Every structure is written in C-alpha cells, then in structure tokens.
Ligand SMILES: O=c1[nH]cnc2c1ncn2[C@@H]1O[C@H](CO)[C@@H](O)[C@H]1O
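Just one chain follows, in the form predicted alone, and it is written as structure tokens.
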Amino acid sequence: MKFPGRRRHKHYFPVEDKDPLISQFHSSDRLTHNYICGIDQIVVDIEAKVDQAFLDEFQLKRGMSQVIDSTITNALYDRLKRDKLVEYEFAGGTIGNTLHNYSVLADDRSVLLGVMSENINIGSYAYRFLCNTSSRVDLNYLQPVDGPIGRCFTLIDDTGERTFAISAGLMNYLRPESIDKALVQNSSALLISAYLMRTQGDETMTEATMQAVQYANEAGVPVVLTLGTKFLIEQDPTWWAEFVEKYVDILAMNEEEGEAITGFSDPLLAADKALDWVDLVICTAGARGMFMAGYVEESFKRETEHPLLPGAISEFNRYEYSRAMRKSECENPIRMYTHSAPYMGGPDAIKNTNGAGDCALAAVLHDLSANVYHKLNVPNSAKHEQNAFTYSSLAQISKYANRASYEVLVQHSPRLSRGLPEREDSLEQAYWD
C-alpha cells in the first residue's frame, strides 16, 4: 500500500534546490511529521514448548494468562534453561509489539511509555528488549526504575494451546507524573491494553494509564484499546463495556474477546455491538480472517464493487469502500462493515500466532496516522472535504492489516524485521501495470 510520506528518490541533481528568487516566497517547505504513542508493561517474551506435566509442576492453568511471583519465575526459567526448552526470547508486550510494527511499516516515529531498568547489563532482559526494538520507536520517555522489567513466559503444548505466565518485576510502577501531557495531546493516537488495568497493591500503572487517557480525551486524540485476553474481560464484562464506551474510540479484539465483552460469538455481530460504544472496531477471527466495522456520513458513503456478502447482517459489506468517520462527525451516521479472508488463504504452516493481532492493529494505525500526516501537510486537499478518521477505505485497510499479520504468522517473532514489499510476488504483473 502506498501512503503519503518519505520516498526513496534516485535523482542525481539536487532537485530540491529552489531558485533563490522563488524560494523567498516559500520559507517553510519542511514536511510536518506526526507520531503515535502507547503505554505498555515492558516485558521480554520467553517462548518454550512444554507438556501438561510441566504446567502442573508449576501450578499453571492451561490456556490462561496468570501472574507468578519471583520465586516461581526463577525456578521456571532455570528449569527451561536446564532442559533446553527455551526456543526464543524476544522483546514483548502487546503495545510494544504494535508500536514496533507500526514504526517498521510506516518508517516513522512512535513513542513508548513505561518503565525501564536504570542499570542495564549486557545480556539482561532489559538489554534484550532494547536490542529487539526498532530504532524508530522513541524510548526517551521511559521512566527509570531500580530493578527488573517484566518477563512473560509463553508455554506452548502439543495442541498449540498457549499458556502465559507473567513475572511482573517493576513493570507496573509507571507513575502518573511520568506521563507527559503535551506528548500525549500532540500525538495522532494513544494506544493502551486491557492488561494495564490489572494491577494490585502499590502498583501505579493503572493510575498512569488513566492519566494519559484523560489527557487524550481532553484533546480529542483517539484512544485505541486492545483487549488482550478473554479471561481478563470475562471477570467483569459490564465494567469493560462501560469503560470502552466512556473512554475509547477504537477497539481491537479477537473473536473470543469479542464474545466476552459483547456476548456475541459471531465476530460480525460482536463488532456491530461494539459500535454502540466506539467509532471503529477491528475483530480478528483466526482462520475466518478479519472483520472491521465503523461509521460513515450518509452523503460520503461509497458502495462496494465486490459481491454483497451474506452473514449475520445481510449484505454487510455494501459500504465497505467508504472511509471511516467518528460518529459524532456524522449528521446521518451509517454503520459499515468489511471482511477480509486470510491473505493467500493463510500460511501453509503457522509458526506462531502470538503478535498477529498486534501487527494487524499496527497496519490500521499506519493508515490512521497517514490521514493525519496528509491533513497536516496538504490541508486544502479535496480528500479532506470529508472529515474522515482514516486515509483509505475500510475494505483497503482490512486487506492491509490482513497482509501485515500474515508476515507474523510465518515467523517465530511477534515483531516485523522489515516492511512489506513494494510489489507482491503472489500478484501478476498485470495487477501492477
């Protein structure tokens, strides 16, 4: 996909050198750049293949995400190392993954807020996190702490079921005063996850997150929430629904999380229900692909050129060629939906599903950020006669997100190491012509 932004040019001559008589009338030709920011529990992901006996030994519940203390953490890690069960160690965190992938896709700045060990030793978990994070992710606003960051063990059994064991370290001690108001309010989006609400005792992460959300809401900056895990939402779905309606503009979830918060197992119906609370919904549905839902002003609606699809909502993709808008910006808001099947039918062999949803969300954020970028630099463009949320149509964004997540499914790391190709080998030359 092509977005407005820096491009590689092959001009030999200095084409940007202006005539001195003309340049005085154009004193400011520099492009204005924007960024997105996010808050995360800074962790390193440790992936290992285990059996049920291993989970029972450490009293871990299969398929769930659970917090473990430092004693169990050290024993668990020692056992994994001793038996050579560790397969990969990566920089992790759902928001950290999303921001990294966004910066790789957009080749542009994002800002990560959280904590980082003040003293970093080579080979330590903090060192691994820094080494595996894109240089385009701004880490200058991390709050230093005197102690370890978090560790997340992803334990995969023979069926592919993932069990998460999280050692918090000091990752939940981000303080509200560490949130820079101007940084949040000048960003194009604020990204948070449901995990940030799971704190206890004297941990301050939840208060810091709510401070940032308040700043974003005051300035009209879109708040993007990714739900993270169905088990967390199932504990109090009513509270989460009220939280989303009050504070969130864009909601990202998979079909299980969607069912937990809306009560609908069908991802299309879950996305439709979520539109009662937010302006834009992303719902990944595994082998079924991805569904998106949003609003458009009736006068700006565009009908699809694709066949109308059956589903829980009849002909739901009718207006998928429309660009998404905030409901509050519409005089006569119309709900629109789209669906994209997995890219090329999905990979022949899925290496790891961890991070695929984060990468899909990164692609959506790239489109949203591209719209802000274009509006800042070409404010008089006819494209902005419609006060849209996104740069592209809902259908195009969905395809882009699906394509990006494919790259994560065919590799072990939840983080992209490179952007998408300019041209796809899977498409005939006639497509590009």
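Heads up: residue numbers just count along the shown sequence, starting at 1. Because the structure is a prediction, the values reported are computed rather than measured.
The same protein has a further form, the form predicted in complex with this ligand, not shown here; the description that follows concerns it.
The chain is drawn here without this ligand; in the predicted complex, the stretch among 104 to 112, 195 to 203, 310 to 318, 241 to 249 whose residues come within 4.5 Å of it by any heavy atom is 195 to 203. With the partner omitted from this view, the residue of 327, 162, 273, 230 that lies near this ligand in the predicted complex is 162 [heavy atom within 4.5 Å]. Contact with this ligand in the predicted complex, judged by any heavy atom within 4.5 Å, is made by just one of 85, 145, 210, 166: 166. In the predicted complex, residue 369 stays away from this ligand, with no heavy atom inside 4.5 Å. When this ligand is considered in the predicted complex, residue 41 lines it closely, a heavy atom lying within 4.5 Å. Taking non-hydrogen atoms only, residue 222 never approaches this ligand to within 4.5 angstroms in the predicted complex.
In the predicted complex, none of the heavy atoms of residue 34 sits within 4.5 Å of a heavy atom of this ligand. Shown here without this ligand, the chain has 92, 93, 94, 97 in 81 to 98 lying with a heavy atom within 4.5 Å of that partner in the predicted complex.
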